[in-house]
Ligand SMILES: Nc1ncnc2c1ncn2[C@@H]1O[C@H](COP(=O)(O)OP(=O)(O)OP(=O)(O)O)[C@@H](O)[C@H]1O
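In the form predicted on its own, a lone chain appears below as structure tokens.
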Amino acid sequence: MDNILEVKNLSVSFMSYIGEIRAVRDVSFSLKPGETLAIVGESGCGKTVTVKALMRLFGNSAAVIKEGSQILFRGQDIAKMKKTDLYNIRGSGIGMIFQDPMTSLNPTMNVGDQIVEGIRTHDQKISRRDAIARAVKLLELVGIPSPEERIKNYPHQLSGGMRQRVMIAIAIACSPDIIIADEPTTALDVTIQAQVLELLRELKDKLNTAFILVTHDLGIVFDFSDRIQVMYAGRIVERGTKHEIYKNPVHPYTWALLNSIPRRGLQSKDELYSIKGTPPDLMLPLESCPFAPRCDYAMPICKARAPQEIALSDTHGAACWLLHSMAPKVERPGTLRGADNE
């Protein structure tokens, strides 16, 4: 099956008054129709910048997609696309669910008008009456009760979970080939998080749409994703199928993320695992392994040279010096969460 999306050597920088902040560094990945890719990592690792680059949603910020980057959507390079052509991609080709619906939805428009606006932007032949009818069906599809009434509500009149469902309705309104979900459950309580993820799973099956799920929480992606890539300091440090990442992770950063998931049987007085140290300054060139200062297994070479990705299978690879044939054999920590996910 051909890839619907191919990202090659993507690098994104922000130009600030104190210098260049290299937020994304030489990232490459692909996506097939109907597939779900999860991008996982701590805040500030470059996840959101990566997916915003796919739609060039940087607004008036000083973000620059660097020369040599390619974002091929159905063979068209979004990185070099004119703004007028981008409007045809956004919404109808690639839709996005933002992490905070309260700031993403327009507080001065009712939710029905916001859905209708997107529909009529990409289908100028549709009447307003038909667009409203479609908006009602979309609200019903995403599980909002009494959609004929709710369509008249303003964002502040809806709960957090309902606002997120409206964002999902807007994202799927024009039947895009790819939906990007950027931390879709961050601002929600645990019960509503589960409901939103279940809704996304149902929509994935019904619509056969490709998904890119962005999250800092490896605990929520197993049931939803097909493949996972772990990002750190603007780079992909490990990638693989969900089973490879959960059952056979090889990068110490992936181990740390898995250990950060609260385990079953954890007692109230048990200490939660946390990754020591802080992420690196992205203004630095990072010519060594960026995780080395926080890694329990760092060797002298880790602090001298950056590792290249080593392929462990056709689908699994990681950039870590521990995978080198001359590196000492290190057993991964025994408290990994992966064993809990069957």
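Keep in mind that this is a model prediction, so the values were computed, not measured. So that there is no doubt, residue numbering starts at 1 and follows the sequence shown.
Although not depicted, the form predicted in complex with this ligand is the subject of the following passage.
Checked against this ligand in the predicted bound form, the residues Q308, S30, S313, S43 give one hit for a heavy atom within 4.5 Å, which is S43. Figure note: of the listed segments 45 to 53, 66 to 74, 300 to 308, 287 to 295, the one touching this ligand in the predicted bound form, with heavy atoms no more than 4.5 Å away, is 45 to 53. Although the partner is absent from this view, S61 contacts this ligand in the predicted bound form, with a non-hydrogen atom inside 4.5 angstroms. The shortest heavy atom separation between E244 and this ligand in the predicted bound form exceeds 4.5 Å. For A23, a non-hydrogen atom is located within 4.5 Å of this ligand in the predicted bound form, even though that partner is not displayed.
Using a 4.5 angstroms threshold between heavy atoms, E183 counts as touching this ligand in the predicted bound form.
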